[in-house]
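We begin with a single chain expressed as structure tokens, specifically the form predicted alone.
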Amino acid sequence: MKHLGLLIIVSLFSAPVFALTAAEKGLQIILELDKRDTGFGDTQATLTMRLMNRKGGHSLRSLKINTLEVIGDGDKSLIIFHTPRDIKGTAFLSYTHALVPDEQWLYLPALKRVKRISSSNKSGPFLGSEYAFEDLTSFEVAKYDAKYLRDETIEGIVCFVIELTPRYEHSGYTKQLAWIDQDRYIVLKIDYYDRKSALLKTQLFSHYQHYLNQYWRADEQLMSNHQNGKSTALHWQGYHFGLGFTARNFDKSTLKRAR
């Protein structure tokens, strides 16, 4: 019996251990990233947007963004511009979905009309910034095929590097490379590759703050365009959670009266 017990133990420890494929590990990573940011409910924050050209000139905009988490679907968000005067009152409403086309509308006060953003135009620039319309949607696992590439360190932080290939039609990107902090499961950097598979943009996330003992939010984002030399910086502040937003706060009718 002792020999039989020894054989069982040996066989257990010598059983083959199957390593995850690159695709399986990539999916595992983004599922964990999504899981850790689920359950926040709703948020509101104010932002300063700085648009910079290749010669060093810049312009500033101030805006507010409201977000409603939608379990089982993508989040809803409403962006309202306060300054400068020529863009004041402009409002942008976005409904993110997984595989069906996202829904987006832009209210232009000068024209006093709501413009629907075509699903085939999501790769276009958002109001002259280096952010595309598709960059303003929430991250949804089902929108990408993920593949783990390697581990890499950024400023002393060990990251997973994963490749994300958009599964949705009309994306302006062939792929994205994302650097994800292995400890906190937050994104530190994303490289975006255009439809010719050339590096188009890099976005950096920094100065993360911890809210409600669970949710990490970056105070600073910088999107740099390698092809035109322009960049757009976002400075976030005044985060609030649990404001009681409902779907009615993100109805298309709210665009014209958004303040």
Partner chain sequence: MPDNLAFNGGQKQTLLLAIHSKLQFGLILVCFCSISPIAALEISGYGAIESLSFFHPPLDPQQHAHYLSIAIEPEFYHAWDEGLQSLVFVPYYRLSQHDSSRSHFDIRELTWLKVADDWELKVGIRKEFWGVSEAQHLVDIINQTDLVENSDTEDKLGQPMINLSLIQDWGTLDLYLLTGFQTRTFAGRAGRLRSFPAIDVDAEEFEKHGLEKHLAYAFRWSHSVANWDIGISHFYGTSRDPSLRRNIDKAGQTRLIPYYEMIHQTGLDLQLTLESVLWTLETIVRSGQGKTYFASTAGFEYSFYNLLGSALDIGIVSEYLYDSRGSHAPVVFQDDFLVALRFALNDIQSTELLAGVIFDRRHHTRFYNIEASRRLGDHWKIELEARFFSVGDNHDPAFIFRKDDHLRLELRYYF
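Note that the coordinates shown come from a computational prediction; the quantities given were computed from them, not determined experimentally. Only the largest set of C-alpha atoms that superpose within 1.5 Å between the two forms is called the rigid core. Residue numbers count along the first chain shown, from 1.
There is another form of the same protein, the form predicted in complex with the partner chain; it is not shown, and what comes next is about it.
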query: Tell me, which of 168, 139, 105, 185 has a heavy atom within 4.5 angstroms of the partner chain in the model of the complex?
result: 105
message: residue 152 versus the partner chain, in the model of the complex: is there a non-hydrogen atom within 4.5 Å?
response: no
query: Is residue 157 a contact residue for the partner chain in the model of the complex, using a 4.5 Å heavy atom cut-off?
result: no
task: Although the partner chain is absent from this view, report whether residue 51 comes within 4.5 Å of it in the model of the complex, heavy atoms only.
output: yes
- prompt: Does residue 201 reach the partner chain in the model of the complex if we count a contact as any heavy atom within 4.5 Å?
  reply: no
- request: Given that the partner is absent here, state which listed stretch (122-130, 175-183, 159-167, 72-80) has heavy atoms within 4.5 Å of the partner chain in the model of the complex.
  value: 122-130
message: For a quick test of understanding: in the model of the complex, does each of 88, 115 and 257 have a heavy atom within 4.5 Å of the partner chain?
response: yes
query: Taking the rigid core as reference, does the Cα of residue 167 move 2 Å or more between this form and the one not shown?
result: no
task: Could you tell me whether the Cα atom of residue 119 shifts by at least 2 Å between this form and the one not shown after core superposition?
output: yes
Cα-Cα trend for residue 66 and residue 119, given that in the model of the complex the distance shifts by 3 Å or more: closer
message: Knowing the shift is 3 Å or more, I'd like to know if the C-alpha atoms of residue 64 and residue 119 are closer or farther apart in the model of the complex than in the shown chain.
response: closer
